[in-house]
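Read the single chain below, which is given as C-alpha cells and is the form predicted alone.
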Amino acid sequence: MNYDDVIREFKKGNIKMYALDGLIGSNKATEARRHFLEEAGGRKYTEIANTSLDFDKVCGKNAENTIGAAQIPMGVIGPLMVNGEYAKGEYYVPLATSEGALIASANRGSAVITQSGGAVARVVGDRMTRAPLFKVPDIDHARMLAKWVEENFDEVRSISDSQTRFTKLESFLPFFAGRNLFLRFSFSTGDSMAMNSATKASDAIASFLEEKFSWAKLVSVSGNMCVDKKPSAVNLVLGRGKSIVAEALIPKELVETKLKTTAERMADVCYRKIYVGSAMAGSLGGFNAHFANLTAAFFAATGQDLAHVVEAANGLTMMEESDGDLYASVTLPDVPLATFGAGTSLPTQKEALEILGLYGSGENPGDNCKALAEILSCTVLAGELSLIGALASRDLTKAHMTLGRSKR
C-alpha cells in the first residue's frame, strides 16, 4: 500500500492508529494521527506539531501513538557549588517547570549555598531493585527456596549477570507472607537507571528457580516489594536507585541578609512544619518541604522517568541552629536516575545533561550518574532552604503573588 492508500484505509477505520508507524514510518504516522484529531476537533493543533523531534527515532523507544510534543518552560539556577565525590565545582542546573516562582526560589537557595562555600554531597547507596513474587505450598517451602538462593548466590548471580552488560546482581532479601515469597534483588546499574535490565535479569532468575523447584510458581516478576513508582517505607529504609545526602552550613550573616530570617526561626519552622505537621497528617516518607517540586523539574529537564518522582519525593529535611549559623541537610534515599539511555537521549534532555557535562557514560561506568545524583541533592537542598526561609520570614505569599500568578 502506498501512503495515500494507508491514509484512506485509516480514515475508514480499517487500519488502527498504532499500525500506522509500521506502514508509513513514525514521522508521517505522527502527522496522520494529529490530522485525524484536527479533523475530529475542527481545529489545528499547531503547537503540538511544533517540535524538532525525529519520531522515527522516538517511537518504540520513548513513546507510542505520537501526535507531536509537549513543551515545558526550562530555566536554570546557579552557579551552584557542589562539593561531591563525583561532582566538584560550580554548576548551572537546568529545571523544567510550569510553576511560577519555583526556579527563582531555587536560584536564591543556590546563591546562599554557593556563597557559603558550597554543599557537601554524598551518594550513600546505589542499587536498582526488582522483587519477583513466588507462590509456594507453605512457609517451609518458602524458607527452603530463600535458603537455596542464599547458599547458591554465586550461581544465581551468574544467571543474572549473563543477561546484561552493566547491570550486575549485588544482593537479595527474602520477604515472607504465608504462601507468598518475595525475593528483592538489588543491582548495580552503571550510568543507566536500568529498570528494564533489572526486570530481564530477575525474569531469568525466576525462570531458573521455577524449573529447579517445580512447586515454586512465579506470580509476577514485579511483586510490589521492589517498590517501583509508589511511595513506600521499605524504599525509605533500604533505599532504591541513588541514595543521597547533601548538607551545608549557612553563616548567620547570609541567613539574615539573603533569607531574611534567623537560623533559630528556620530550624523551628522545619521541626514544627515538617516533622510535627507531617506526623499529624500521617505522611508516608515525605518529611520535607517540597522535594517533589525540584525533583520533578530536574527529571523533566534531564530526561528521567517522570513517574519516579513519587519515589524521589520521599526523604528528610533537617535544620539546626549552630552558634547562630544554620546547619541544613536533605536525605533522599530513593532516587532512580540515569545519564544514559531512555529519555536522556531525547534532544532537549540530552542538551540539558550536556549543560552539566554529564551526558552518557563516563570514563568509569556509573560516575556520571553519581555526579548527577550529587547535583540533584544540592538542588533539592537549595529549594528547601529558600522555601523554609520564605516561610520563616513570611515572604512566601508575596513571592507567589509576584511570580506565580496568571496576569488577567
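Here the structure is a predicted model, which is why all the values come from computation and not from measurement. All residue numbers are counted from 1 along the displayed sequence.
What follows is about the form predicted together with another copy of the chain, which we do not show.
Each of 69, 73 and 265 comes within 4.5 Å of another copy of the chain in the predicted complex, counting any heavy atom. The contact residue chosen from 283, 171, 152, 163 relative to another copy of the chain in the predicted complex is 283, the criterion being a non-hydrogen atom within 4.5 angstroms. For residue 26, no non-hydrogen atom is located within 4.5 Å of another copy of the chain in the predicted complex, even though that partner is not displayed.
Contact annotation: residue 35 falls outside 4.5 Å of another copy of the chain in the predicted complex, judged by heavy atom distances.
Proximity of residue 354 to another copy of the chain in the predicted complex falls within the 4.5 Å heavy atom cutoff.
For residue 180, a non-hydrogen atom is located within 4.5 Å of another copy of the chain in the predicted complex, even though that partner is not displayed.
In sequence order, 273, 274, 275, 276, 277, 278, 279, 280, 281, 282, 283, 284, 285, 286, 287, 288, 289, 292, 293 are the residues of 273 to 293 having a heavy atom within 4.5 Å of another copy of the chain in the predicted complex; the partner itself is omitted from this view.
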